[in-house]
Ligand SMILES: Nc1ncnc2c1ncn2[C@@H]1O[C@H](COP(=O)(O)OP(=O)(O)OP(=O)(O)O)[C@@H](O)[C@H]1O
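Here you get one chain, nothing else, as structure tokens; it is the form predicted alone.
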Amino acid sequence: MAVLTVQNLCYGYAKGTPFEKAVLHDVCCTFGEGEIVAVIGHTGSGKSTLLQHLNGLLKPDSGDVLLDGESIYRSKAALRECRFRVGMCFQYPEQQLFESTVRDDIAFGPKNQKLAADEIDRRVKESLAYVGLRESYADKSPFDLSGGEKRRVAIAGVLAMEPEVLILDEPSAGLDPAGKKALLKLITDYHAQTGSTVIFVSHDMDDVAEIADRVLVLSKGRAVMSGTTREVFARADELLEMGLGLPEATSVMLRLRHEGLDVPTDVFTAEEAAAALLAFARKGAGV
């Protein structure tokens, strides 16, 4: 069942000026209940612009965005409701921190939802737990935290609104391998515990292969491909033609095939590659 539906969406910047630029062209796509969907595309393909339409931060020049089958733009009340139900984490979300304490920063969204004090307190505590921070962090200044901790607090502020749809724009950007691994686990753990729909943009195809159920590909402002992660990465030649990368495991297997080894190329994770190479070695040894 589709939670969000994008219908024939068109959008451009600086309309009516010499700098006018069309960014999205007749984009149609859906995001299903409980899915983890990766949105990929080269720089300038319209990924971030599309995401900002999904909770009404931008309004299309034409087309529509439906939440549970109804336009999010139908009224001011509907738009306000959408922004609580569809939570957005921008790239480098730690730059969104502004309150004097972690508690106040996380509580900002729930307060705007006009929730009772005890409910706000519950959400602050649960959100800290979701992102792997102790309750003692609540009274600290967010500006005294490490970069990774700041990012967790910023994400906790979105989770505290308990969105049905969580949107993350390049969530692992700028993180070291350990930080990236921890963040991906945070996303998958949250998804498993809540059943929320998760939509994320990434340039890292290994991240996409690891956690996404489905992939939407944008190119020059158009939705050009959509399918399961396996279906999309199986179209390696098309992705490469668009200037996109592949999971490292896929690239390795393609190079081995090019060298004449009869190995499968529909391999997208390190675990799959290891299993495929072991099977190849056993076959060669006659085991």
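A residue's number is simply how far along the shown sequence it sits, counting from 1. Just so we're clear, the structure is a prediction, and the values are computed from it rather than from any experiment.
Below, we refer to the form predicted together with this ligand, which is not included among the displayed structures.
Using a 4.5 angstroms limit between non-hydrogen atoms, H203 touches this ligand in the predicted bound form.
Heavy atoms of G44 reach within 4.5 Å of this ligand in the predicted bound form, making it an interface residue. Although the partner is absent from this view, S48 contacts this ligand in the predicted bound form, with a non-hydrogen atom inside 4.5 angstroms. Though the partner is left out of this view, E170 does reach within 4.5 Å of this ligand in the predicted bound form, counting heavy atoms only. Between this ligand and the residues T188, S141, Q113, Q91, the one pair within 4.5 Å by heavy atoms in the predicted bound form involves Q91. Heavy atoms within 4.5 Å of this ligand in the predicted bound form are found in exactly one of 36-44, 66-74, 254-262, 228-236, that being 36-44.
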